[in-house]
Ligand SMILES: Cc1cc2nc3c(=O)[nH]c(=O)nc-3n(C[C@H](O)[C@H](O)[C@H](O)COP(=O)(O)OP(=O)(O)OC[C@H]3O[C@@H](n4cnc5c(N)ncnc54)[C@H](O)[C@@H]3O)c2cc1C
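Here you get one chain, nothing else, as structure tokens; it is the form predicted alone.
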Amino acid sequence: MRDVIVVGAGGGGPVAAKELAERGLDVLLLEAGPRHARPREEWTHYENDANHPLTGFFRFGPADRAKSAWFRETPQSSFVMQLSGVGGTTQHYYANSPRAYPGVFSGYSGPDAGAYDTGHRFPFRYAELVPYYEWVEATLPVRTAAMGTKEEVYFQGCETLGIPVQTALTTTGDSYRPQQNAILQPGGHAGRTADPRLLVFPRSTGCTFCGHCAQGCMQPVRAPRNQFAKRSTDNSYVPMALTADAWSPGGRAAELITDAFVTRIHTEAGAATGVTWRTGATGESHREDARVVVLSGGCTESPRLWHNSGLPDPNGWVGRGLTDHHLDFVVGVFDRDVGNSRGAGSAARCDFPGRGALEQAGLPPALQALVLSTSDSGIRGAYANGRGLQGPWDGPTGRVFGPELAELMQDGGHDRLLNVLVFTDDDVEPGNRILPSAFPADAHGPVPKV
């Protein structure tokens, strides 16, 4: 019998596995997707190759890309941006690591207290969470993001608007600031040149400003895995968990099994006793017992597994309260190169506690074209739908297409663009939930309806 079985090796599971293995517990870490052990052989910077939701190496699906992606029912026009595999969705995240607003915690009495969703505050005080923030920030590590041209331009705009600058880690008022992110600072030649001969470890360390955060981090070239710049859990907590016996006195190396889709949590007298998982390559099922089961399969698969295991849901909140983002982009066109595709994907932000945030977002070419051509505002100047309205800016709003899109993107034109990503109305929505779908079950049981 194991001490602990951790279900899911994405953003949270490896953190629990590392901390428990460090203390000498026998930990089994199970992951439904693949482990990309040799990224430079298995990954590319081609955006469609990485991010296609059905065939990309970053998708919610099995290791064998010839097999279908795993199905979720999404009855609304939406997209669940989640990945399988060791590292989970942190493989393509931008590593932004801001602390939460204090106003979403119990006991907050600041002047903006009424601006928050006070019906769903965390049931503890912000000060209780700070030591854990500090713990993770030191482990990853989290630092102030390295700056480039696009951040300089963004900050100039913030200053022009009269938004105050923030220098503290905790946000308590309207302000702009650099991101805190989990990307190693550039060292040596990194961030200073595009010459590939110089962007090789150890001549270069940390972020090389390649701009491909969304395609997984494998920089600098020749760096060991735990020195890759972006501290996704496959580069940070997973290596620490698997080598805990080597670096922690009394530690015990965790065991990782991939291609292991957990289909059931077993219980006895109201307590979890173990799990059953299915090996994708063979279809075989396996069971292992443990004193504790940590469920860390993400906001879609965790409630699916909970429901499929017949576990209790006395207040009906299992799988409820998903936060959705409309991902509104404002894109500006400059007459000079502002470095849109270089550096960390998002290294600057504005915060408006209780209302939302504005993030600067750098994008490589294909993702930039997607942002320009996907909008609910209609096609610029082609038709009126009540959204593509004239304003104080030069020209109508809306998405670009055809010759205008080609003109914006050609000859490095995407580097003359600056993106601002708008987050607002992101309160807890009880109606957003995960339910068992009426669609036919797959090999792992009833599929989730999002």
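Worth saying up front: this structure is predicted, and the values here are computed from it rather than measured. Numbers follow the displayed sequence, beginning with 1.
The same protein also exists as the form predicted together with this ligand; that form is not shown, yet it is the one meant from here on.
Contact with this ligand in the model of the complex, judged by any heavy atom within 4.5 Å, is made by just one of Tyr126, Tyr94, Phe352, Tyr133: Tyr94. Of the residues given (Ala254, Leu83, Ala348, Met240), Leu83 alone sits with a heavy atom within 4.5 Å of this ligand in the model of the complex. Residue contact with this ligand in the model of the complex: Ser248 places no heavy atom within 4.5 Å of it. Contact between Gly297 and this ligand in the model of the complex is found at the 4.5 Å heavy atom cutoff. The closest heavy atom approach of Gly362 to this ligand in the model of the complex falls outside 4.5 Å.
With a 4.5 Å cutoff on heavy atoms, Gly216 does not count as touching this ligand in the model of the complex; it lies far away. The partner is not drawn, yet in the model of the complex one stretch among 155 to 163, 202 to 210, 118 to 126, 95 to 103 has residues with heavy atoms inside 4.5 Å of this ligand: 95 to 103. Within 4.5 angstroms of this ligand in the model of the complex, the stretch 325 to 363 places no non-hydrogen atom at all.
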